[in-house]
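Okay, here we've got a single chain as structure tokens, the form predicted on its own, with questions on binding and movement later.
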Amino acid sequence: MSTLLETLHYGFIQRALLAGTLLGLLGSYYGCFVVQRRLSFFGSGLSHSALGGVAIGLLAGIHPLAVAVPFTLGVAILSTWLRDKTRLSGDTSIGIFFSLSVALGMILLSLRDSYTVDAFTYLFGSILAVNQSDVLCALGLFILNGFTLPLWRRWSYATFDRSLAESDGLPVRRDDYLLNSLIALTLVIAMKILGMILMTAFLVIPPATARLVSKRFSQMTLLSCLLGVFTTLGGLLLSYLLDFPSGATIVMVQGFLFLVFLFIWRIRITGKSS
């Protein structure tokens, strides 16, 4: 216990915990909409599409996020537009832009002599190397997204009955563009800290875990956010104590909790059927 408390005295651990908690909360929150709307590939595709913007920034000598933010927002908006204006599904539209963006990123990165380390950082993140500006960036993103909380009820309504929400006069299509843009913005800002792979895990695993045992969407949202915070704190401290990669440890903790909740869900189902 004393060893665990000692780790909290280190500045880099404190910064990693704060930034990881804020971004984990956002990822788990938006992940509920992603999972419930069956857009898991959309979230994964968006996070990897950012590689194209990162590559443009690295090649041009500009800060990668300065290019990746508008680039990924553009992918989110274009894929949503393509889904609305054609008979293509959301997964198909994001699949097109995802493939093109990754291909563009690979070509541009190949033109640089030393691209491997930079690309590796954005793929896997460096949460234990978080600095003060990264924490402020995560805090700013968290505050910005906090202003959209009043829209949660409207978004959840459209999530469960899109047709009825449209018939009630709600701006469902406009909300789709806003929601998808906010997901894209969260993904690309979190990419440098958490990495594409870990942020994708936050979008899927905590919400899927919460969905197993939740009866209402509000319960699912709250539990998903709690799981996102708990797995961030537990995974970071466990990775420090065991000297494991931090991002991978957080994902493994999430996977373990998913199996635990799956076991609980199976017991419930078996008890009801007997």
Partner chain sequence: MSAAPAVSFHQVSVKLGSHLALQEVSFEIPQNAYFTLIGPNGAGKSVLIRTMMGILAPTQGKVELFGQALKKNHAAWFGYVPQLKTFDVSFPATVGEFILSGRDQRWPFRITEDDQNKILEVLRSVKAERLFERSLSLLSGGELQRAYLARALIRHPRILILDEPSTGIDMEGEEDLYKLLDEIRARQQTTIVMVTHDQTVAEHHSSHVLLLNQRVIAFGSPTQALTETSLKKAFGHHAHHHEMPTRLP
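Source: prediction; values computed, not measured. Numbering follows the first chain given and starts at 1.
Here the subject shifts to the form predicted in complex with the partner chain, a form of this protein not shown in this document.
- Just one listed stretch, out of 94-102, 161-169, 178-186, 74-82, contacts the partner chain in the predicted complex at the 4.5 Å heavy atom level, and that stretch is 161-169.
- For the chain shown alone, residue 154 is a contact residue for the partner chain in the predicted complex, at least one non-hydrogen atom being within 4.5 angstroms.
- Using a 4.5 Å cutoff between non-hydrogen atoms, residue 220 counts as a contact of the partner chain in the predicted complex.
- The partner chain is not drawn, but in the predicted complex it has a heavy atom within 4.5 Å of residue 214.
- Although the partner is absent here, residue 40 lies well away from the partner chain in the predicted complex, with no heavy atom inside 4.5 Å.
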